[in-house]
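A single chain comes next, written as structure tokens; it is the form predicted on its own.
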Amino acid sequence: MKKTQRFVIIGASAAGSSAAETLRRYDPTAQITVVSDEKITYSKPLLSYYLAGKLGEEQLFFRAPDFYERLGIERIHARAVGLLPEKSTVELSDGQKLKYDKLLLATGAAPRFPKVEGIHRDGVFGLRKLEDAQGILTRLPKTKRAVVLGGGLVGLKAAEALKERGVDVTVLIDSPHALSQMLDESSARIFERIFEQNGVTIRTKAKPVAVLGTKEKIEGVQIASGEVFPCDLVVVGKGVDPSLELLEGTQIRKDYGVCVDDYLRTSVENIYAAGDVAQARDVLRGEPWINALWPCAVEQGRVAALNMLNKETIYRGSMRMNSVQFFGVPVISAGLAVLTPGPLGGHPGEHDETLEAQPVPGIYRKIFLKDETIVGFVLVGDVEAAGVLRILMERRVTIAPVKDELLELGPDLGRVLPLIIENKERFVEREFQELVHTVGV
């Protein structure tokens, strides 16, 4: 008689829920347990829209309330506080000890709070959990001025949301320009101007040293120069770090995140990792990297689950790609579009040529090349060409024959059909084969 498999998943966001669904699809009898310190399953990228009042709480849910119950999956509301691989056991904050045959670490990432005086005062929030957004909303009626620490995606989306709620917002950025993990300086300046035009103050090279106030009230943020920015609320949007606390005392290998192989296995048998905590293959760099993106987490959860089921599946890798709008202006940044310092920054030499154009005000295009292949791009205002550029970048296609046209590409694959035909061994999917067949090649 076949033994019932015991699968435990730590984390119920994109990677965890994707893995749980995949496990159940292929093993109807498995015992599947999902552990999370959050009661509901919702989309974290949508929190800024909820904060702005554009979405209701029910619109954040990407799984139905009865998702786990319907699939016969146990959902435990607790925090995993201990991992004993030698005993195949996970210890929970409520005292439970869960045995597993296979374990998935999908613990995600946590906001990176600067180490400054007063950063843990009441009135300082991240924007990573629903309770953060709810806490901010509770204080809004008494908030006239807010300071956002950090000019990354989360920080600027929070700034935009607060401004739309009628709050006077100042964004303090340590770096020389905003969005330093997503955009190069030229394209970042475009959005700094857009924020200023919409009434949000942007201060770069502004290092916070203290959050000022009393036990009951936030009064301001002081920066290294001594200047103080009065405020009633502080939101931290300085990026995230992988949640690795559970690895303490184990033999699981880690770098910036949990190190995994091409099957998303960790260095310890029967333990896998997926999502924002997993340092997996980057298709452009050819080395392990963390691309903390929702679609990447979903795919990693699916692939990890297949491998937990002994259905050997190689994770083909991911690449960085961010798509967002600020005050109605869209921007897409993909691949190696920035060379920034830090654990996830780029390396010198990743680009050897840059193509750039600003045909009309509000439209900006920049493409980064290495050895005649696309390794990154930034599109502002008009982002229709992103799909075609991404395909050429992912397939590592030499673009020399169409190099002069790259900055004028639209969404039509027909413009690069000669490249697809020339590299047809890299375009084996049905849609590409049909395209080639249509033109009789």
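Just count from 1 along the sequence shown to find any residue number. Fair warning: this is a prediction, and the values are worked out from it, not measured in the lab.
The protein also exists as the form predicted together with a small molecule; that form is not presented, and the subsequent description refers to it.
By the criterion of a heavy atom within 4.5 Å, Leu103 is excluded from the residues contacting the small molecule in the predicted complex.
In the predicted complex, no heavy atom of Glu408 sits within 4.5 Å of the small molecule. Contact annotation: Asp27 falls outside 4.5 Å of the small molecule in the predicted complex, judged by heavy atom distances. With a 4.5 Å cutoff on heavy atoms, Val380 does not count as touching the small molecule in the predicted complex; it lies far away. Looking at the small molecule in the predicted complex, residues Glu185, Ile363 and Ile374 place no heavy atom within 4.5 Å of it.
Exactly one of the stretches 328 to 336, 126 to 134, 355 to 363, 251 to 259 approaches the small molecule in the predicted complex with heavy atoms within 4.5 Å, and it is 126 to 134. Among the residues Val234, Ala292, Ile271, Met319, the one placing a heavy atom within 4.5 Å of the small molecule in the predicted complex is Ala292. The contact with the small molecule in the predicted complex, taken as any heavy atom within 4.5 Å, belongs to Ser323 out of Ser323, Ser225, Gln197, Ser267.
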